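We begin with a single chain expressed as structure tokens, specifically the form predicted alone.
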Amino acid sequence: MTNKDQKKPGRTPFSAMSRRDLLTLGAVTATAVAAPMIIRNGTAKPMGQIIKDNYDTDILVIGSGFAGVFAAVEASTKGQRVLLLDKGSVGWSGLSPWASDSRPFDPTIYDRDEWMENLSTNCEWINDRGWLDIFMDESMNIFETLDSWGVHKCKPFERSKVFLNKLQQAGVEIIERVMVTSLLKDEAGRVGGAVGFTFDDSNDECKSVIVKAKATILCTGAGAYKSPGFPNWGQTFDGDAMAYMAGATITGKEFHDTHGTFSNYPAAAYENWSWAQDVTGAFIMVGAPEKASGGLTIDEALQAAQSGVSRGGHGPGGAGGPPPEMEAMKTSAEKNQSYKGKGFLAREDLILDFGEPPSGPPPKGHINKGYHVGGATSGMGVHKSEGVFNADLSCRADGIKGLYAAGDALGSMLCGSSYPGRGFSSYGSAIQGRIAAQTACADVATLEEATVTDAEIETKVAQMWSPRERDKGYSPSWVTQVLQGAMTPFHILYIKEERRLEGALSSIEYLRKHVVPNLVASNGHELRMAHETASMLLNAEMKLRASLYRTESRGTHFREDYPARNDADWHCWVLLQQGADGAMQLAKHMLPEEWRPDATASYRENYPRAYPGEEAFLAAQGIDVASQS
């Protein structure tokens, strides 16, 4: 062979590949997903002698978004020693950097009853009215607090510097780049801290992080299945998983967030959320949430199920004219214009959004994203409605002492079965973070401190290191691909039916039982991924079991085999808890009768959004949607 004939090392160019080569490559790729990726861990080693960083504090806060920052600052101002851990960096973690809008309730211009009625209708009557009352009471104070911190003088991505500065001023100790894996408990079952490990981009080995705390507040945010197109890749239900394994009750798993992405660049979350990067100042949603329009529904998934296509209607490439909801948004926006110049909205430095429907081409300098498509947040629950359960508005975790939760880690049901429109998430998190800290501080002053044994710590640390010590097993990346294949199809996550849900559950159970105990990791990043994968799989089982358990349709939970609301049996929240035998147990938490929809109104008046097959399903039971519900 001459030098001219020799190929340079590197990738084979696709132009030089035959059709058979491409078919072979496709078969290999498909097999990689279908067949177990058992790999050898060439860097496996005993981790028992790895450096342990031990900490002792009064209040441990896990997570540094809106909830975590407000919790840590509040606890510190009350004289407690506070340690904050974050898997990422302060203000850059999770969804907080992308939160640019809010909807403060100004009692001088808004009608409290209208907000309560509209949000309850939009959230289909299972939202927690107590939390909405608290939101209406405290949201203006959150606005004023953030304003005093200087948040309204910067862009959302610059907010991290403000948060970090505020935490440092308050004397909060901060450790970033820590993956927390387990909660520590004493022999009485009280939570007394947590364990985790450090990971970074250097060649340094991970270290154990062991924290003993009088109270632990989970501010770990939402979670999803690392789906592209939305900036929540680092959120994997870690808080829910730790709380569940420690004995806490979890709720809200059958309901879903439905943020979409765009057809031209479906995986480009940064570009698709450019508007959140461009805003400088306070971005305010004006007016009350509407009863039916606005918010995040499963309409696009329903359209896809019925016609095989869902293109968002109003974007480039969309079919037909604007959907009916656009007209409702236009009418609502005209009404909201009447608030302009009133109350706090008279401030000239605010950026006001009256709820107008989107229209026109992209602004100059912005990319043409194409038409709207769904599925960007596959696995994520409704803001403020998925997570650790608490029944008394205190942010204490029901079923276990010493543990608290706030923000999207708390299943507060502020928004019930569907997100009613922008503006409730970040301020709701801030409010709950502050309340969680107030409750924890009060409890710390009166309760005995948890006494965590060395044996408990060593057990949790050994469990944490096990993927790093295993010499062969399954790649977390492969397991995540299989999880995504099982859980993210719209006919599993959004368009539900018993047989399909049972099939997906069988796969998830197999992965949890046989694969998770054999995950391997060759470094700190892969160790983080191994624990994230285990958390996502646990969450997947919760979602599937809750979806099977709730035999009705409501909000973003749609069952083809039960396509109607059933208040008699399901005006409730679904709770999940680990039983004494390790099995997942489900139960109902029935809601107050006074929270039910108006019995004198028709079914359709109470539930203005219609499901496919709903009227025929109800008619078979002798129910007319135009009659009283």
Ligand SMILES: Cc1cc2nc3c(=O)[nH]c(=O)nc-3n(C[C@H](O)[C@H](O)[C@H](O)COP(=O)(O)OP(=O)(O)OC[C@H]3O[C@@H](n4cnc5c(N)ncnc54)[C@H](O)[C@@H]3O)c2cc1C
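Start at 1 with the first residue shown and count on from there. Given the structure is predicted, the values throughout are model-derived calculations rather than measurements.
The same protein has a further form, the form predicted in complex with the named molecule, not shown here; the description that follows concerns it.
Engineer: Considering non-hydrogen atoms and a 4.5 Å limit, which listed residue (Asp128, Glu541, Glu138, Asp101) is close to the named molecule in the model of the complex?
Structural biologist: Of Asp128, Glu541, Glu138, Asp101, the residue with a heavy atom within 4.5 Å of the named molecule in the model of the complex is Asp101.
Engineer: Ala215, Cys219, Ala437, Ala397: which sits within 4.5 Å of the named molecule in the model of the complex by any heavy atom?
Structural biologist: Residue within 4.5 Å of the partner: Cys219.
Engineer: Is it the case that Ser553, even though its partner is missing from this view, gets within 4.5 Å of the named molecule in the model of the complex, heavy atoms only?
Structural biologist: No, Ser553 is distant from the partner.
Engineer: Should Met179 be classed as touching the named molecule in the model of the complex when contacts are defined as heavy atoms within 4.5 Å?
Structural biologist: Because a heavy atom of Met179 falls inside 4.5 Å of the named molecule in the model of the complex, the answer is yes.
Engineer: Would you classify Ser466 as touching the named molecule in the model of the complex, given a 4.5 Å non-hydrogen atom cut-off?
Structural biologist: No, Ser466 stays farther than 4.5 Å from the named molecule in the model of the complex.
Engineer: Lys253 near the named molecule in the model of the complex, any heavy atom under 4.5 Å?
Structural biologist: Because no heavy atom of Lys253 falls inside 4.5 Å of the named molecule in the model of the complex, the answer is no.
Engineer: With the partner removed from view, which of 67-75, 545-553, 488-496, 445-453 is the stretch that lies within 4.5 Å of the named molecule in the model of the complex, judged by heavy atom distances?
Structural biologist: Looking at the other structure, the answer is 67-75.
Engineer: Can you tell me which residues in 596-622 come within 4.5 angstroms of the named molecule in the model of the complex, by heavy atoms?
Structural biologist: Heavy-atom contacts to the named molecule in the model of the complex: nothing from 596-622.
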